[in-house]
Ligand code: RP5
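In structure tokens, one chain follows: the form predicted on its own.
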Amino acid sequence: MQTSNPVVGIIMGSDSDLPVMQDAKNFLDSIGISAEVTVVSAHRTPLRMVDYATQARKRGLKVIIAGAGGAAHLPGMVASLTSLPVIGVPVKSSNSIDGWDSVLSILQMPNGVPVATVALNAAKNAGILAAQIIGSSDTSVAEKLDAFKAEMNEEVLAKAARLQANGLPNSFDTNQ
């Protein structure tokens, strides 16, 4: 059951980040968590960023997912302005140094301004983590996450069985 008011904010420094950030929105949609998506640039629209971060809780958001490439200041700047959990998604952009600049910019936050950081371009993981944060106090979300994890487990077991069915040896015995 999807809520009508967004509870997760998904922001990005540029619309060119949308192909990566869409994965977070898609995951949240799949388990019924409403999310808003918009562009908020730390460098080009700093006042919009301040307004977004400082008003987020009042608007009902519970988690913010912030994706950024290059210097990637957006997640940390937003985290400095709100007490909501912020999940940073480093995005490998055209002006990036293989994405390392983005990863390190988001990861290396000073004490007092935490940003949970997922892997490069791993917006789906950011969506999962946002759901886990919400699921820590919402049993219906937690149950959907449990079902998601069980489905992943079954997919891996089916892949392992296919490998063995195709003649690959299996020396791993789960009954040991």
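One rule holds for the numbers: they count along the sequence shown, beginning at 1. On a predicted model such as this, the values are computed, not experimentally measured, just so you know.
Below, we refer to the form predicted together with 5-O-phosphono-beta-D-ribofuranose (RP5), which is not included among the displayed structures.
Partner proximity in the model of the complex, defined as non-hydrogen atoms within 4.5 angstroms of 5-O-phosphono-beta-D-ribofuranose (RP5), places exactly one of 116-124, 61-69, 26-34, 144-152 at the interface: 61-69. At the 4.5 Å threshold, heavy atoms of R48 stay clear of 5-O-phosphono-beta-D-ribofuranose (RP5) in the model of the complex, well away from it.
At the 4.5 Å threshold, heavy atoms of S83 stay clear of 5-O-phosphono-beta-D-ribofuranose (RP5) in the model of the complex, well away from it.
The closest heavy atom approach of R44 to 5-O-phosphono-beta-D-ribofuranose (RP5) in the model of the complex falls within 4.5 Å. When contacts are judged by a 4.5 Å heavy atom cut-off, Q164 does not count as touching 5-O-phosphono-beta-D-ribofuranose (RP5) in the model of the complex. Counting a residue when any of its non-hydrogen atoms is within 4.5 Å of 5-O-phosphono-beta-D-ribofuranose (RP5) in the model of the complex, the hits in 6-40 run G13, S14, S16, D17.
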